[in-house]
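Starting off, we have a lone chain in the form predicted alone, written out as structure tokens.
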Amino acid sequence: MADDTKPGIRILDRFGAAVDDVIEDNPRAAAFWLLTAFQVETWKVRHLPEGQKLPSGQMGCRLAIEGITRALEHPDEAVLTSIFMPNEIFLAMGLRPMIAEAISDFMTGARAEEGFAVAAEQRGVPESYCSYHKILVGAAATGVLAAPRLIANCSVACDANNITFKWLAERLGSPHRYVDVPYDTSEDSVAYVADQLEELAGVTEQVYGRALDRARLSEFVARGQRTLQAMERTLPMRHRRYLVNDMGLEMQEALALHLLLGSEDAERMALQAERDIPEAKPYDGLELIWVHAAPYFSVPLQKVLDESPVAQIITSDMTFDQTRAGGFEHGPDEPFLAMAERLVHNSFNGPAARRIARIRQLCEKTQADGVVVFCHWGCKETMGASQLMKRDLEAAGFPTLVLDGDGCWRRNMSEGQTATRMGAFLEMLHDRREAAR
């Protein structure tokens, strides 16, 4: 995910322009240029990492881009999933999860989102539809996205999930499995989801001709739980430490913790963060919790928030959505129940109060100065809950800014206005802190 201020963006400009020129007339060429852009970025992240980032941040950046690139390079081993799907089933079988929203995000990183979003709208996708899903639909409709051997998604956390993946399966002719996740957090709900995940495992075995080793699956689930617990332990450590963070890195770390949860790489990243953060430089700027997606490409916001002495994003609710307060009740010896428990209790599942409670926990554990709620274009869940979030979080003592924009389509971002509002919010937080001293 490159930003517009760095020299590499000129290369990505060329890739994006090349893709736009041939989307409709030569989708195979567009797919080639898109994969080439991802491969260039993967090489750069692996061999020329940004030295100022913490080692755990460099790992998160690398895992995110490598995960998507390798899946696109090996389509016979790829499974198209939604971001909140438990992927341990696929990882334990040696398959490559390919999160739909991440594909769109990295298309934006390659500056190629415009053509796909327009292609989707020209085919009847509403203007108000989520841009992540719109870009993905455009890629499939034009033939740039190859048909995956299996599509598997869950109902968490948005209405678009219930439409996009069904349409993709029909359009691409791919087998499709949908995991319905009840809002109720009872053990009956957990058992209901566990049965669906076990059925999904059987379908995956049939589609790919591979047997799932249940002991190996338990190992992945155990690592996943350890990874989430290690990340949770880092929350209090983040206060007054310079995380060398930016909006792109926050999204990449969140992606790594969904795409690769249960892998050795994801656990190493979490354990590295436990070592990095306490040793990081002291930080006296403002510390923010970011809610939902982030427009990492926005230059005006980059100037305010990315690796800044004035304010930093201390974490996001998308990075910490899977940990259950009080720990997990089901262990790795019950892998399907354990994955189902994590899905049912996900802070993005169910009523807004559940998500707000989790955001408040993040604020309290990190001693954050304030919260930014980003209402991504077309995301009815976040838009509908944003004022409830603001009311409840401010009542708990955490000032909250609600911003409207788009996390992956530049066209829908009023960047100057957004940066002005962010600047005013930070000024207010600074004055509030000074008054309290």
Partner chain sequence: MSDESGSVVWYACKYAPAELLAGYGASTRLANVEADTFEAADQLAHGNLCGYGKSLLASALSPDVHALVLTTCCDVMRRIYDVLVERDDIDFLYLLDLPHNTGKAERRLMRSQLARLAAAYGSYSGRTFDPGLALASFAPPVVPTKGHVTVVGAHAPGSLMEAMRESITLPVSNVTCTGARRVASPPSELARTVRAPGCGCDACIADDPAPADALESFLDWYAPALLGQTPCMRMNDVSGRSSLTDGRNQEGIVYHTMKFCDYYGFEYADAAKEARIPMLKIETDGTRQSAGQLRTRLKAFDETLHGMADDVSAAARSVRPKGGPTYVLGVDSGSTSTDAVVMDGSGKTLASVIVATGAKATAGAAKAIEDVLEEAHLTRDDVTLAVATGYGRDAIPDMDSTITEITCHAAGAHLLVPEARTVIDIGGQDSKVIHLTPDGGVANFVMNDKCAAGTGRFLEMMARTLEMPLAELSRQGLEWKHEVRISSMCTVFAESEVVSLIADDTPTPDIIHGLDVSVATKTSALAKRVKGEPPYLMTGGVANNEGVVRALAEVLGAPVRTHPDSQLCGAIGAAWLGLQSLGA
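What you see is a predicted model; the values in this text were computed from it and never measured. Residue numbers count along the first chain shown, from 1.
Same protein, other form: the form predicted in complex with its partner chain, not shown, and the subject of what follows.
Residue contact with its partner chain in the predicted complex: Pro182 places a heavy atom within 4.5 Å of it. Contact check for Pro49: every heavy atom lies farther than 4.5 Å from its partner chain in the predicted complex. Contact check for Gly350: a heavy atom falls within 4.5 Å of its partner chain in the predicted complex.
Looking at Val244, you'd find every heavy atom of it more than 4.5 angstroms from its partner chain in the predicted complex. With the partner omitted from this view, the residue of Tyr283, Phe328, Tyr129, Tyr208 that lies near its partner chain in the predicted complex is Tyr129 [heavy atom within 4.5 Å].
Between the options Glu114, Asp306, Glu198, Glu267, the residue in contact with its partner chain in the predicted complex by a heavy atom within 4.5 angstroms is Glu114.
Against its partner chain in the predicted complex, the set Glu77, Phe84 and Met318 makes no contact: no member has a heavy atom within 4.5 Å.
Shown alone, this chain has one stretch from 364-372, 63-71, 377-385, 27-35 that lies within 4.5 Å of its partner chain in the predicted complex by heavy atoms: 377-385.
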